[in-house]
Ligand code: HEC
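Only one chain is included here, represented as structure tokens and corresponding to the form predicted on its own.
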């Protein structure tokens, strides 16, 4: 029985480490954040409740529904075609190589943006790209940081506030550098922007006809590579590093290092996890983002289901060995006792 007690102690100690200490350490290194918000509620600063956000979203979507696709196509050709391709409609003024040379990275093809990105986010992005992609760092996170600072001693409060201000200042400088290629089009007015988005609706494939790899390439490949699937970076790395201040990582094993839950929140709003990061909020809708995470799981951890199945057999195998070892020990010691 002594061996079984030792085994029980080891099992209990391991369980405490795995479900207690490791879980606590994970919360320290990756503090819980608010769930992914696919309503992009912060784009509606005047809305006080979820119902008001929903009402404003419906107003924007109704405006797009009533838009003029023909007029929108003209506006897109005039304002977007110099930097973007729209392959679904044969609009390609420059090759990928020429676009990378001109911009430092490859601006995404706009053929399927209506299916992949939240249209309310797109409306806000067209008006002010920096604001739509980074606004939460100036509002929600600023309030959170200052609230945390006030809860400490006066000396610590001052230190935290100063650290936060420096972070935001550095972040603002990167925003200005990163988005100098993509201008805002608020001057076109809501009606013209709605026409453009109405046009994009007419050419976009349904999302179920777009592969997860294609979605990932459109949303991520201008800053990231996926070496495990031969998805090359669509950018000049030196120019990209100048834009961002860092070299963006390859995404091949991102699912292993962070997990699907982290990526779901991070892609929806990177500032929640890394205040001041140069990673923009991409604006994918929920269905598209789920496909990106599924693609990264397939590429980075393709054998997870097989491994999980084998895990059960391994546990059973070790349990059987434990029983056999105990029976063998009991039998041998019985003989020794004689």
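Keep in mind it's a predicted model, so treat the numbers as computed, not measured. Numbering follows the first chain given and starts at 1.
Form predicted in complex with heme C (HEC): not shown, discussed below.
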Q) Considering 231, 220, 203, 124, which brings a non-hydrogen atom within 4.5 Å of heme C (HEC) in the predicted complex? A) 220
Q. Though heme C (HEC) is not shown, can you say which of 80, 91, 210, 130 has a heavy atom within 4.5 Å of it in the predicted complex?
A. 80
Q: Report yes if any heavy atom of residue 224 sits within 4.5 Å of a heavy atom of heme C (HEC) in the predicted complex; otherwise report no.
A: yes
(Q) Residue-level contact is defined here as any heavy atom of the residue lying within 4.5 Å of heme C (HEC) in the predicted complex; does residue 110 satisfy this criterion? (A) yes
Q.
Taking heme C (HEC) as it sits in the predicted complex, is residue 196 near enough to touch it, meaning that at least one heavy atom pair lies within 4.5 angstroms?
A. yes
Q | heme C (HEC) contact at residue 292 in the predicted complex, heavy atom, 4.5 Å | A | yes
Q) Of these, 300 to 308, 52 to 60, 33 to 41, 281 to 289, which stretch puts a heavy atom within 4.5 angstroms of heme C (HEC) in the predicted complex? A) 281 to 289
